[in-house]
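Presented below, as C-alpha cells, is a lone chain in the form predicted on its own.
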C-alpha cells in the first residue's frame, strides 16, 4: 500500500477503549491480523493502516496530520486542546472527570476550593473549570494514583477520571462536581487531504455509521389481526415504512420493522396489548440508510 493514499487511523494500543474500537472496526468489515504487540497494522481489504499508540498521543498525531482519523476519548482530546474536527461520538467508553474531596472534610464542594491545591491528571481541564467559575487553584499534576494525594498531604482535593466511583470511595473521597463528561469519539485532522483520501474517509464513516445504527436497533417480526394493523403500525417507530405481508389466515398479517433498542420493552408490551403474537426480536449486524 502507498503511504500517500493510505488512510491512517490512530487507536489506543492498550486500555479501556482498545477492545471496543477494534470490535467496531471488525464489525464494519475490516480484516486484519492480530494487533497486539504491533504498532502498525495493515487492513487487508481496505486501503487503511492502523497505528496503535498511547491514547495521550492520538490528538496530537491527528492534529499534525500524521494520522488522518483517531479513535480517542473526548476527555483526552479536550485535555490536549487539540485543533481537530470531532466527526462523531461512538457511544462507548463513557466516563466523567470529577472533583472529589475527603469524606467528612472541611471542603464540601468545588465552590469551597478557591485557593487550594488540586491533584489531577487533567491540569488543563481542571484549571479551566475553576477559572470559568471565578476561582484560582494550584494544579498538582500526577500521572497515576491521583486519589491518594489528599492522604499524603499533596493536595486538598482531586480532579480525575471516574467510571464507577469505586476507587474514590476506597480512598475516602466523595465526588462533588462533574467538570467534563466523556465518551469515545472519532476525530479527523484539519490538515488538507487528497480527494482520494476523503473518499476513503466517507466510505469508512458509512460503514461505522451502519454499525452504530445497527447497535441501537433491533429487527422485529410479529403476526397480528388485520383489524389491529393500524394500531400496531402506529406503535412501531420504524426507520422506514414497515413491511406488511399476508398470511395463510386471511384475517392475519405479518408485520416486520426496525425498532430502537432503548424502547424495546415498552414497544413490545404495547404490541402485545394491541393483539400482536409470535413477536420475534433479532439483532442487526449492519444497517445502511
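Residue numbers count along the first chain shown, from 1. All values derive from a computational prediction rather than experimental measurement.
Not pictured, yet referred to below: the form predicted together with a small molecule.
*Asks:* Please state whether every one of the three residues 49, 68 and 188 places a non-hydrogen atom within 4.5 angstroms of the small molecule in the predicted bound form.
*Replies:* Checking in the predicted bound form: none of 49, 68 and 188 is within 4.5 Å of the small molecule.
*Asks:* Just one stretch in 71-79, 125-133, 202-210, 101-109 has heavy atoms within 4.5 Å of the small molecule in the predicted bound form, so which one is it?
*Replies:* After filtering at 4.5 Å, what remains is 71-79.
*Asks:* Go through 216, 83, 88, 94 and name the one with a heavy atom inside 4.5 Å of the small molecule in the predicted bound form.
*Replies:* Among 216, 83, 88, 94, a heavy atom within 4.5 Å of the small molecule in the predicted bound form occurs only for 94.
*Asks:* Counting any non-hydrogen atom inside 4.5 Å, which residue from 56, 249, 64, 227 sits next to the small molecule in the predicted bound form?
*Replies:* The residue in contact is 56.
*Asks:* So in the predicted bound form, does residue 115 come within 4.5 Å of the small molecule, heavy atom to heavy atom?
*Replies:* Residue 115 lies outside the contact set for the small molecule.
*Asks:* Does any part of residue 163 reach within 4.5 Å of the small molecule in the predicted bound form? Heavy atoms only, please.
*Replies:* Answer yes; at least one heavy atom of residue 163 falls within 4.5 Å of the small molecule in the predicted bound form.
*Asks:* At 4.5 Å between heavy atoms, is residue 15 in contact with the small molecule in the predicted bound form?
*Replies:* Yes.
*Asks:* Does the small molecule come within 4.5 Å of any heavy atom of residue 167 in the predicted bound form?
*Replies:* Result yes; residue 167 sits at the interface with the small molecule in the predicted bound form.
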